[in-house]
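Just one chain follows, in the form predicted on its own, and it is written as structure tokens.
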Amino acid sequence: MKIVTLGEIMLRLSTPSQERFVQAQQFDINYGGGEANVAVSLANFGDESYFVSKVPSSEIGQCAIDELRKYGVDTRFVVRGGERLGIYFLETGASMRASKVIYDRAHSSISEAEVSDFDFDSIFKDVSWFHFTGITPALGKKAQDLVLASLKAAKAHHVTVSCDLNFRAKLWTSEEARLYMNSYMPYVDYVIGNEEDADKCLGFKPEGSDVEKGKLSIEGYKRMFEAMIEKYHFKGAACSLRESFSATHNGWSGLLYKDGEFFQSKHYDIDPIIDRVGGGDAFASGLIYGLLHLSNGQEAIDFAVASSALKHTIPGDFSHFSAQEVSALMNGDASGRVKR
């Protein structure tokens, strides 16, 4: 399947060995970003994966492109130009100390890209699926216009569209998010988002749940999905469920509502977490793969959650697992025994 994602790829600078920023004498280098992470996962699963973005015409911009190419992502639609590549700094938490992200992405190339930089008729030719997140329009007016133009073009080419709401409080307010995300929803077929995303971006809450206290009401999520689908006419809605016992110990599962049916995944106890950044993107890419290739909604949500659970076991933004490895976990192989 030919799948397109559009968004920002950034340089990630993270403290080694779970050090605090004030302790660090050096940073580990990775590249990542919501839609780029999804593109890499789908390429690893065997799909024809394309990433659309803009990066500076510099060696650093080329490094980001080379990193995507390394994992099989097609970058022919990545435009060169603009001031800089966005950066984010990551301090990885442990036990009761949460991880922390600091953004340095103002005036990045994609945030100032013009709609005219992209030939959307070529981009969406023969494409099966288009994925974007709520992070990209949070970058500013030009990015908001770019997302809308891409959605209109995708629909003109009869492409299935998914959106991971991905609210980022450090990038925009809930009021701004609701204004723009609501305007995009008529173009969306499948929406993905946890309880905070659904509330901050669209104004929906799962009644009876308090994630911070570990209280989850599955019936509340079901009613929330039904209300969202009634308003926006989605084909389906999904969310991950994270029980955060500490920064390095989480419970993990997911829900999918599709075609009037409600599906709940298997539950995973992830302890220890190596790196949770990119876990939601591994969930989104797993769901896209499952909806495109697997036989029913139950298999799709189980694949999505298994994909995300595996991502928590490796460092970096990208998830480096094949569809076969995800299927093995999904089907019960969670022993961790050495493969000889």
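In case it trips you up, residue 1 is the first one in the sequence shown, and so on. Since we're looking at a predicted model, the values are computed, not measured.
Only in words, not in the display: the form predicted together with a further copy of the same chain, which the text now covers.
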| property | result |
| --- | --- |
| Contact assignment for a further copy of the same chain in the model of the complex, among S128, S99, S174, S183, heavy atom within 4.5 Å | S99 |
| Option touching a further copy of the same chain, based on a heavy atom within 4.5 Å in the model of the complex, out of R84, K155, R80, K142 | R84 |
| Which of 46 to 54, 296 to 304, 283 to 291, 59 to 67 sits within 4.5 Å of a further copy of the same chain in the model of the complex, heavy atom basis | 59 to 67 |
| Within 4.5 Å of a further copy of the same chain in the model of the complex, all of G203, E226 and F262 (non-hydrogen atom) | no |
| Non-hydrogen atom contact L42 with a further copy of the same chain in the model of the complex at 4.5 angstroms | no |
| 4.5 Å heavy atom contact, S95 and a further copy of the same chain in the model of the complex | yes |
| Exercise: Y103 in contact with a further copy of the same chain in the model of the complex, heavy atom 4.5 Å | yes |
| Residue contact check: L11 to a further copy of the same chain in the model of the complex, 4.5 Å heavy atom | yes |
| Residues in 233 to 260 with any heavy atom within 4.5 Å of a further copy of the same chain in the model of the complex | S244, F245, S246, A247, T248 |
